[in-house]
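Two forms, one protein chain; structure tokens for each follow separately as structure 1 and structure 2.
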Structure 1
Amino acid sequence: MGLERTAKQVDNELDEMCRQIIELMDDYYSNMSKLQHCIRDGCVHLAKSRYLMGHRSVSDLQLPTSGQYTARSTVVREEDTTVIHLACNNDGDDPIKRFGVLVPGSLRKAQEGFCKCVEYSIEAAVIKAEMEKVQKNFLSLKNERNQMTNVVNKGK
């Protein structure tokens, strides 16, 4: 009787984990849709800037290749949790200055768009970490449930 009740509890926990993972999958997918929308808008603004400034003025030639260059956007992970925060360091130069002093508004809009992309990416990483945690717990509980079934079958 005791074993049966425990098995029922385990089944309920497994159901709850399935519900959680479906919700997380939905969150992850909608987050990726927002990210895709944001990347597309950012790329449109980059293309407008390229049209105004010349195609070599907005390209990989503006990416840093030598010397030390510090990131302005980094991430901070909270210990023992899946939570990640965006950390902004405003000490270094604004990356937009690599593209010129008087840049068009479209490049600023592209920058705003890709800053949002960074935020959505961090949100996606948090959801992904949560999904991995639930999956791991689900598999160990599933093994436990299988062992219970084996014990019951041997007893018959």
Structure 2
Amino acid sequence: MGLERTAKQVDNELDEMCRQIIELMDDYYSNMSKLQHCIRDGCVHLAKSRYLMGHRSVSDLQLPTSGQYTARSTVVREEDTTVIHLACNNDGDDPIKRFGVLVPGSLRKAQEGFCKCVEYSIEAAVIKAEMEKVQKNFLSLKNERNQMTNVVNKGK
């Protein structure tokens, strides 16, 4: 009798993990959809900027080729954990200044869109890491359940 109750508890835990995985998958795909929209909007605004300022004014020629570049944000992973987050540095270089003093609003919107893309990418990575952790626990619990079933079948 005690074995059946334990098996039922394991089945309930497996069901709960399946629910968690489905919720995480839904969060992941909605996050990826947001990321897709941000990339598309950023590219459209960048194209508008190139049209307004000229294709030579908005190109890879403005990228830094020498000297040290200080990023405005970096991805940080906490020690001994899988937690990652975005750390902002207000003293970092503003890349939009490389395009001049008076830049069109579409270039600023493109920058904002691509900054959002970084945030959504980090969220997606965190969700994916959580999914992998739940999946690993699910597989180990499923193996435990299969061993319980094998013990019951051998006893018959």
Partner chain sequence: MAMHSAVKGKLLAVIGDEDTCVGFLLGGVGEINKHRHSNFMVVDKNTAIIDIEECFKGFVKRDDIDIILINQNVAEMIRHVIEGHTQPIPAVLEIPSKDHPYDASKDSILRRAKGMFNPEDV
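Think of the rigid core as the biggest set of C-alphas that the two forms share within 1.5 Å after superposition. Here, residue number means position along structure 1's sequence, counting from 1. Remember, predicted model here, so these are calculated numbers, not experimental data.
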message: Deciding between structure 1 and structure 2, tell me which is the form predicted alone.
response: 2
task: Calculate, from C-alpha superpositions, the turn of the smaller rigid part against the larger part between structure 1 and structure 2, rounded to whole degrees.
output: 14
- prompt: If you line up the core, how far does the Cα of E79 move between structure 1 and structure 2, in Å?
  reply: 4.3
message: V58: how large is its C-alpha shift between structure 1 and structure 2, with the rigid core as the superposition reference, in Å?
response: 2.8
